[in-house]
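Read the single chain below, which is given as structure tokens and is the form predicted on its own.
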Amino acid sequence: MSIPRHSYFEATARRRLAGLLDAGSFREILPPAESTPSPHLASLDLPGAFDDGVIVGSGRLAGKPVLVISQEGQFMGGAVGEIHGAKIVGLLRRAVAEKPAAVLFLIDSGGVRLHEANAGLIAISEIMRAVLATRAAGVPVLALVGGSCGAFGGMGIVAKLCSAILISEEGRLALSGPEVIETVAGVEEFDAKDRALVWRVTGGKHRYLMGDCAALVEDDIASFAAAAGAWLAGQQEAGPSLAALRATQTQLENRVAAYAAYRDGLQVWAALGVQNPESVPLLDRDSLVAIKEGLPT
């Protein structure tokens, strides 16, 4: 009998947590009945949500205690506002005090909530600081990216500040979103309506081949749970170091020098040494992992 699959991409933030954590272990902190909607949205006559688009709490993953953050991409694109950000920061500060095995950060966000302007920008900066403080305290922060909004803008930066990223083919990771690039630089620079191009440049397969993510995961909640458990079993958070940051900076500088003139993921994959790069979008996960493992380091 085949095991039913539950798409991570299509699931709500709460459904993802229910399938990710050990059965019956999730305990929500500040549930909707104890929260208040964003006053900033109310002042603009915009609909709010009692949880402000993010769920925080505790649970267990493969028997290990974890704290969790799950953004709801279906509410304002998972955008971060003042209350949304405060819940995330509060959870990360709790992790510093309680020292769980890890914080699981289910990112599904287009970035800052522009309706809240400076309050949203400040919230993003506070999340960045809190992620690094949590890691410095010896608690790994594992980002899971596979939702409909991906990880863009400030949340794209937050994802890269985490200890590691698990991503699905459907996930996307970048600083500026396709629509933003097109608006600012023109459709000649980047056609946001070309969905195949968008995924070849920001999608999970590309990010995995580029080495930006620790693992490529199937679009299945159980697969994310298994990958997170496996990563946690084999890792120990050493905390961010100056040497590691400098090495990453050098890597990024080399990447710009090597690929800045390219306009498509196909060109980048060919330069990486991928044979038949045009076949990559059609490959299954196992085939792509085999290609990645065979690339020169």
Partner chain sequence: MSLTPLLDTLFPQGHRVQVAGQVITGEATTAEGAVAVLGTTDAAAIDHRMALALAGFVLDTVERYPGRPLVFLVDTSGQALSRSQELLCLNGSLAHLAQCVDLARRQGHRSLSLVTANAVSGGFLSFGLMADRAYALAEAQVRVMDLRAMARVTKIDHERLLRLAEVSPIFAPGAESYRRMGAIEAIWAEPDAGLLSAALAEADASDRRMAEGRSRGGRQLAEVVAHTVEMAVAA
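Numbering follows the first chain given and starts at 1. Nothing here was measured: the structure is a model prediction, and the numbers come from that model.
From this point on, the text means the form predicted together with its partner chain, which you will not see here.
The candidate spot formed by Leu91, Arg207 and Asp264 lies fully in contact with its partner chain in the predicted complex, as each residue has a heavy atom within 4.5 Å of it. Checking 220-228, 142-150, 174-182, 101-109 against its partner chain in the predicted complex, the stretch whose residues place heavy atoms within 4.5 Å of it is 174-182. Proximity of Ile124 to its partner chain in the predicted complex: non-hydrogen atoms within 4.5 Å are present. With a 4.5 Å cutoff on heavy atoms, Thr248 counts as touching its partner chain in the predicted complex.
By the criterion of a heavy atom within 4.5 Å, Phe50 is excluded from the residues contacting its partner chain in the predicted complex. Contact check for Val201: a non-hydrogen atom falls within 4.5 Å of its partner chain in the predicted complex. Using a 4.5 Å cut-off on any heavy atom, the residues of 241-273 that reach its partner chain in the predicted complex are, in sequence order, Ser241, Leu242, Leu245, Arg246, Thr248, Gln249, Leu252, Glu253, Arg255, Val256, Tyr259, Ala260, Tyr262, Arg263, Asp264, Gly265, Val268.
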